[in-house]
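Next up: a single chain in structure tokens, the form predicted on its own.
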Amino acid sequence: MIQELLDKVKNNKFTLGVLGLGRVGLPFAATFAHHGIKVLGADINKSHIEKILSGKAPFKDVHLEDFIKETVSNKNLIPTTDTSMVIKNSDIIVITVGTPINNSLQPDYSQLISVLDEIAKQDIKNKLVVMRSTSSPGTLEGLVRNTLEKKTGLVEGKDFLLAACPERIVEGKATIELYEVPEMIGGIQEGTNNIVEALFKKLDSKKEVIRVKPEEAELAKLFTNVYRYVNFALANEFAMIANEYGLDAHRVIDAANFKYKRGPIPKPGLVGGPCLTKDGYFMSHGMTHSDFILLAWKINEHLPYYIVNQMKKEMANLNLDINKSKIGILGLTFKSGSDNLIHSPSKKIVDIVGAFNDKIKVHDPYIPDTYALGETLDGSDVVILATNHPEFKDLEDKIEKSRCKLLVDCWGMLDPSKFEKVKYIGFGRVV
């Protein structure tokens, strides 16, 4: 079975199935289709599929729309809502469905369980199933393997194959990073790794892969994101500490990092998104010991409240009524250059301010139906720069000439020295 499937991949005589055409699955499917691979992609969102069929990308990613137009047109990519058709006609099935956390901060595997049920309804003999969705260590050899073996009566390694190969791309640049970022491959059978490696080398013969155990692959993915998340939390706590001393955290961090070999310390700022926010809970799921990942989560999740509280204090100094003042917010998505609102700290700021003020205008160049930039600036007493979009650089002159009286710069993006009529406050900045 392993050698037969490996030969199919090497000779380009296989079909790749992708279950879930979201921000992970669609770039994955379109990129492989761009390299001449026959790809079937399934998603339950009908309007999502219709948009792809029309040659449009449903979200922002560097080369995605070009790849979609090309591959839908030449039939290398066939998007559909018919999950069973994709499973039935694919040799390799890649799972890319969402695995969020629930209200109890526990992994929510409902989408994964649903797709496993669909896979189990089909004949998966001689097929390879690759788990690319984020999951807790042990999920492939536990939930995935047990579900498929129990419901099909087949045996992994004898009748079908399983591998963990978690995605590690940065959102918005998946069609670039699929070529650049090494893949961690964790097949339950060692021979399975040969197939998965051959698959990824279809993108680039020099594509690097790292062979590990399935649990190691699952855990390494989580380590990657949690390490960044904890460091961002530490930078944010540094900013709060610097504020207590009346010092500018950006200047302090710049000094600490200057030609220092054991850095760098990241700059402070809002932290969120669908991966960084949740992955610590996947890593420590089922563990009873305490850890500082939870402390990092508390710092990062509290930051929007901290910033709004600082804003309220400054508004009081300027005799601005928090309940009656007009407030404009620049940015709604969770990070620079993204159109994703999931776990966005900028959206949380909107919600916090909106709890006591209904005179909010939001402008985000990546989100349709938000206010125009000029209308947001000129119509607001207070402006909050909440997302560090590149379009918000060099706005000093426009803000200075607006009716704005107070600017809250959550990222320290703008130059405080360029404001005379507008009061500037920035997170981690001292003027």
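Predicted model, so just to flag it, every value in this text is computed and none were measured. Don't overthink the numbering: it's just position in the shown sequence, from 1.
Not on display, but discussed next: the form predicted in complex with a small molecule.
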| task | May I ask you to state whether G25 is within 4.5 Å of the small molecule in the model of the complex, using heavy atom distances? | result | yes
| said: When the contact criterion is heavy atoms within 4.5 Å, does G98 count as touching the small molecule in the model of the complex? | reply: yes
| request: Look up in the model of the complex whether Q122 has a non-hydrogen atom within 4.5 angstroms of the small molecule, and give yes or no. | output: no
| field | Any non-hydrogen atom of I44 within 4.5 angstroms of the small molecule in the model of the complex | value | yes
| request: Kindly confirm or deny that L21, Q111 and E171 each have some heavy atom within 4.5 angstroms of the small molecule in the model of the complex. | output: yes
| 295 to 303, 192 to 200, 112 to 120, 145 to 153: which one contacts the small molecule in the model of the complex at 4.5 Å, heavy atom to heavy atom? | 112 to 120
| field | Contacting member of N236, T139, T83, N76, with respect to the small molecule in the model of the complex [4.5 Å, heavy atom] | value | T83
| Pick from T134, T175, S338, S90: which has a non-hydrogen atom within 4.5 Å of the small molecule in the model of the complex? | T134
